[in-house]
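Given as structure tokens, the chain that follows is alone and in the form predicted alone.
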Amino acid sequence: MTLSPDTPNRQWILNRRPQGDVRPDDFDLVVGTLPELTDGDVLVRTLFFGYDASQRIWLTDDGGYMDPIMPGEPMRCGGIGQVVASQNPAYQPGQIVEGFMAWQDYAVMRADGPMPLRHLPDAPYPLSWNLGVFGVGGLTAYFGVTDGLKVKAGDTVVISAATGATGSLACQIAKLLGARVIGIAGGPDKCRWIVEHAGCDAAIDYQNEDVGARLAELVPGGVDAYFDNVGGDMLDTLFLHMAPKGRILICGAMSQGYTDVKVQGPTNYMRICTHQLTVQGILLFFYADEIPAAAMQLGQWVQEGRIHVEENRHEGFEKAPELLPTMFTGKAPGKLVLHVADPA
């Protein structure tokens, strides 16, 4: 692909810090120029944008676990792109890579960031799966279940937001390890889906059922391991239904909307003491060196048909801002991705 200095570069720019829920009009579409490369930079033409709830916290003044996105800057995301120019000898034009990029046609990516800039080889599955089952969601689910919660055969595991990109895969991985899995989701259709497609033995509809009462019926002896994606009242309820020496993994707090780094804390936290619970967080950055081996294991399970992959795919660069709010308003199951372009 031949580029010139006047090659247009569409960008979705943050025009203001969102107040409350993020909205499409918090972003402006502008046409900029190609970024200049410095040593170590890799310029890619974007192919796919991935969506994660944590993008919302990057829009706050604090930014959470990453630097905040400033007004006037393009929105950051995980994505897939094709290298078109490089100041890093390990990345050559034409190669397909995955990592942190931004909502623009051409973005600079680097290999020395918090996550590896992965080369994506030809494979017998859709390229976009590298953002889902082989991306942040799948890898977080894998490490959360196997290392964080140390799930073993015979455990009873509860997973909230069980239709999400992370939750749905955590359900399946826990089931593969021999656990009894109970998923929590909103509405009868989603509860049916997690039983039929995500390997759950039972489902709790938090919109129409009393979660605590259902847990008491399903797990009278207590929950061995809880994979928490929502925080808030749900986490507080689970504290009351954990088995002695149970394990809780804090992966997210989607119920809080990520509009601030301060979220509702649990009032039942003394159960940590009285039931000798273990509560641990997870952030994929800490597993950077282990990602290739984890992706290989996930690939084997997918190839063997033991993991169901669900993707919520949309088309068109212009849709980028309107999809982000759906992370908090009940999107369809699976990983949310936006297809922007095809490889050259």
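This is a predicted model, so every value here is computed, not measured. The first residue of the shown sequence is 1; numbering continues from there.
Same protein, other form: the form predicted in complex with a small molecule, not shown, and the subject of what follows.
**Q** Can you tell me which of 265 to 273, 117 to 125, 86 to 94, 228 to 236 lies within 4.5 Å of the small molecule in the predicted bound form, counting heavy atoms only?
**A** That would be stretch 228 to 236.
**Q** I need to confirm a contact call. Of Thr166, Gln172, Gln104, Asn130, which residue comes within 4.5 Å of the small molecule in the predicted bound form, counting heavy atoms only?
**A** Of Thr166, Gln172, Gln104, Asn130, the residue with a heavy atom within 4.5 Å of the small molecule in the predicted bound form is Thr166.
**Q** Looking at Val302, Leu284, Leu277, Ala294, which is the one with a non-hydrogen atom within 4.5 Å of the small molecule in the predicted bound form?
**A** The residue from Val302, Leu284, Leu277, Ala294 that makes the contact is Leu284.
**Q** Does at least one non-hydrogen atom of Ile69 fall within 4.5 angstroms of the small molecule in the predicted bound form?
**A** Result no; Ile69 lies far from the small molecule in the predicted bound form.
**Q** Would Tyr206 show up as a contact with the small molecule in the predicted bound form if we use heavy atoms at 4.5 Å?
**A** Yes, contact at 4.5 Å.
**Q** Tell me, yes or no, whether Cys251 is in contact with the small molecule in the predicted bound form, where a contact means a heavy atom of each within 4.5 Å.
**A** Cys251: yes, in contact with the small molecule in the predicted bound form.
**Q** Hey, in the predicted bound form, does Thr140 get a heavy atom within 4.5 angstroms of the small molecule?
**A** Residue-level check for Thr140: yes, a contact with the small molecule.
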